[in-house]
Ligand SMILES: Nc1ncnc2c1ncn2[C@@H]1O[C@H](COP(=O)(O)OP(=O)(O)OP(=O)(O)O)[C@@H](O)[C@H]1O
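The chain below stands alone, shown as structure tokens; this is the form predicted on its own.
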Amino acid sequence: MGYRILETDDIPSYLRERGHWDDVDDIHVREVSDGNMNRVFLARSTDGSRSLAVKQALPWVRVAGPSWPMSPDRADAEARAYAQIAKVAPDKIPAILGYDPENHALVMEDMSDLEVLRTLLNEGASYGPHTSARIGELVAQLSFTTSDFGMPSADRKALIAASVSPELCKITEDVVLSEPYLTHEHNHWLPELDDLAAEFRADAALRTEVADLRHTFMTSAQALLHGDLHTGSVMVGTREGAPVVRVFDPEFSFVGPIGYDLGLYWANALVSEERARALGTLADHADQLRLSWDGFETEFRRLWPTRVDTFFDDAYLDRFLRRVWTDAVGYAGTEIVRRIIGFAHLTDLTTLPAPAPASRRALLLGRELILRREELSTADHIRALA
């Protein structure tokens, strides 16, 4: 039949065709699309005993429409990433029930009993004791097992070839790692930040450091990444009395620098802290960078004895982890900057009654993280700066 854009009324027959649902009369569907890129539908039985989700990549950016074309092949990258993560951390992603490459559609577990982490934080909730540690563990599990430490060379080359994502990587290279430091139509900011936006565009030293991070992003094929790991791509809650953390939307997945995933998460954690500080609702926000790094480092070191090439000794591991940390600090800075004076701002800040002061603090913090990433060598150093 070829690729077709699914509508709400198409979902019952589509699920039957794909072997996921027998009785199309016992299915209720609603669209719950929320992100910038894709459409998502929830299908439930009449009595609520059964449910699942369908996510389809459109041939354009959903919030822009056909004026911003985008290959739906990004869903292939998402499906590959889920398959890889399922091998090492199946408890940290939604269960994937099937992928339809012709229609670029995933059928997966319904997670509507969970809540998006960013939404909860914006409502004044805390992270809880497990969330950031599990995010760090996931990054370690995925990155170690898809790196030269955890994967034989031939398999690594095949993974790199299969995971090339030039269109989505170009978005990151531009939107995150160059445009905010240039005059560009994508950029926008609060009028109260005109002075800082101009300063950043005129700061040659800052631009050089961002260029360094950009080149590392383009050339450092360390491991398979989620590629868009932020508080809006994490769902949390409880099931049967136990805490649940699920990471989703890895459509920007590619083989790149490990620190990028950590940096994106840290940026969002630091911005959520600025929101809480502005509202007087600070809870455990200040702990999240340390908790996620500890989770990452502990799990990476736990996996290290299983490495496929023992020429890499323990001393090299220490050096490698230091490099990951430094990259992560820098990428955290670039993500903060682009979320305030670039494209796609964060509701953490935009929904504040007076967003300018917190946005200014976050923007200044982002610049320091970029410029001083070599000297900010511990979580305590970043805490003192924040």
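Because the structure is a prediction, the values reported are computed rather than measured. For every residue, the number given is its place in the sequence shown, counted from 1.
There is another form of this protein, the form predicted in complex with the ligand, and it is not shown here; the text below is about that form.
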property: Proximity of N36 to the ligand in the predicted complex, heavy atoms at 4.5 Å; result: yes
property: Contact flag, F248 vs the ligand in the predicted complex, heavy atom cut 4.5 Å; result: yes
property: Residue contact check: L291 to the ligand in the predicted complex, 4.5 Å heavy atom; result: no
property: M108 within 4.5 Å of the ligand in the predicted complex, heavy atoms; result: yes
property: Among 354 to 362, 49 to 57, 316 to 324, 341 to 349, the region lying within 4.5 Å of the ligand in the predicted complex by heavy atom distance; result: 49 to 57
property: A77, M235, I85, A197 - the one with a heavy atom within 4.5 Å of the ligand in the predicted complex; result: M235
property: Heavy atom within 4.5 Å of the ligand in the predicted complex - residue from A286, I171, V244, V116; result: V116
